[in-house]
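Same protein, same chain, two forms; see structure 1 and structure 2 below, as structure tokens.
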Structure 1
């Protein structure tokens, strides 16, 4: 039999082992070595990125507090119609008292109260008063429980209380997402929040358009700088590059605080304008604790993130292309616009998407120089986390922000093409 007639699975190594089996074992060893090499990075991504996102998604729909602490009340409310014009029956109030007695003993009543207080203001006060009452109640001999609970706080006699309790008693819940888009279901049906409580959609919109404006200003300011860096002599380019990178060696907090010094009414800019007579001393410009201060400060802070991708792409554009265009009769503007600019678009795309996404998630600068009118959605998320402790709403707001950025990324990929983005 000729060698050409030998089947691959009949070939063997010098020690008699089938060649196919030997190759398979060698490939497995290579895969294991490759996996071990990327294992630290994979562990970091899982622990530092995927698990926090998973926790955020879980918190945004988790509502086990009400069901765990008030199981009898939740069960009793299942047969009550939220559109009813009458309060729940006496048995529901008895279940409420029984649950509150257990919760008071286990010290979980205030946990339940805080959860409901996110949706219905004053619920914490109702539970605190009810706690003092239920400790003295005997479920076997006392009653009627409805009158006793209403006497402790009139809120227990309002339909809105029971509608909200039924609406927010299930787990998982969409309640946090409704709050994140200025909606509520305290009446048992999804309704818009009153204007004086609607803030999140406005903050999402403000964050989007201000981040877009900051990105645009960064491009307008950064493009000429990157062009200069890419086309001057190397010794000057190195000096200019150091000046661009200098902000990275300074704390973000220090840079933001510096803008407070520059922009405040008694700051350097206003003092200079007063000194040269452009502004009256009693009519100084208001440039801080508003949108203007945030836009100026964040544009300066994020400018290097626009310049560096642009510079890295422009550095690879051969100058001979522009010279060739000019030699064929194109003027300076035509040569730039028709030859140079199209080749710099990958850098524009990289810088734009980088600056925009960073701006959307910025927190420190809007907090320090923005004031109420310059607050971003990230500041609201921080407030809910540190002050209110409403982790479910934090998870919902964070998830919406994440989805919005992913949708933007997808749209960008469809329109521009992510393969055309270059970071150098």
Structure 2
């Protein structure tokens, strides 16, 4: 009674607490409960996914290997000018011998050699020869070392070796990113790689244009299907939808293997063409292990991801608008182009971005039906991983690809909203 007498505008709960405070507490409790429900999964995804990816990407700038294994040489090179036309002085060679002796002892010399070999082919051989030499000599008595080293491998007498060593000795380094965009600094300055070794920019570009083309073909083929689905009786639409959903649910490996079977030189398509007489038996079409195969297969594989968002937007377009346009004198084309099509643009945006995001990161299909000329950037990343073990470059290429995908993801979120993603 007392509190409501003095402050008539303040509501309170039955035990006299202000209602506002009580509600605030209830809300806070609700928030905490919601967060507790999300926390285990969030922790799982952050620990098991985001952090591993983050740490993998830091390998793209990590270059401690050189400094760790060759500390004296790196220090001695500090004072040497990369543009100098003279080899580094005797002290630097002495530091190199000292470092290599320690490295040979610890069996780390080849780790260093491999790191440098990514940038300068032949470095491994140089280090191997030098290692054999330094095992025999005594640092205190057997000087000078310069000529001995050059004799072990003439590479030690070349300016390029020392320039590369100086350029790639700092950590963190931009060296891997430079390789990822076909640049090198073996000469001490950033320069384009020779054409025969420039592959990454071309692959990024190929991944982009082929994904764009796949996206466009998907739109051209998917638009009529989505239109048909949205405009026939629901009973038929459900039946036709199954023909879109079955490919969607069928294993990617299954669809890729069937394309491999279909497109082969002895495959079903060539066989049919020969049987009809369109193609001579000894002149079968090459449809696999090239760009054509990748485009045909990936368009089919990604088509459901274009049709489903288009369909869900087209379902909401009221048919009365087109009828109204026609009753006002528009012909079929005008009614479609000026009235229906603009309303379907959100679906086009959603489908196109989704297909493009998925295509850009594709690995399996280009690997199996692409051959060397249909390879995507993902395949190059896997190749760097398996064949060269160049993890820094894997990190750098991966970061560039990831940033591109995240920008698209952000656009997708703007256009569609991630909480509006629908499946099936």
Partner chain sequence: MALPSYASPLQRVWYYAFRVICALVFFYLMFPILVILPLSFNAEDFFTFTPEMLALDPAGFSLKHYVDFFTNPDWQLAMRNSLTIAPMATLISVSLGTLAAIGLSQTHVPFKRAMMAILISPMIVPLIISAAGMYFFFSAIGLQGTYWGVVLAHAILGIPFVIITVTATLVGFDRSLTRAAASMGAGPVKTFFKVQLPLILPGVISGALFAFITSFDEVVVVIFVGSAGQKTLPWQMFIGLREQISPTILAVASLMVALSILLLATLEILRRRNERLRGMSPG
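In this text the structure is predicted, and so the values were computed from the model without any measurement. Between two forms, the rigid core is defined as the largest C-alpha subset superposing within 1.5 Å. Residue numbers count along the first chain shown, from 1.
Kindly point out the structure, among the two, that is the form predicted in complex with the partner chain.
The chain shown as structure 2 is the form predicted in complex with the partner chain.
Rigid core superposed, CA of residue 115 - does it shift 2 Å or more between the two structures?
No, its C-alpha moves less than 2 Å.
Verify the C-alpha shift of residue 273 between the two structures: is it 2 Å or more after superposing the core?
Moves: no, less than 2 Å.
Kindly check if the Cα atom of residue 78 is displaced 2 angstroms or more between the two structures relative to the superposed rigid core.
For residue 78, whose C-alpha is compared between the two structures after core superposition, the shift is less than 2 Å.
What Cα shift, in Å, does residue 410 show between the two structures once the core is superposed?
Comparing between the two structures after core fitting, residue 410 shifts 7.1 Å at its C-alpha.
Rigid-core-fitted C-alpha displacement of residue 35 between the two structures (angstrom)
Its C-alpha shift, to one decimal, is 2.5 Å.
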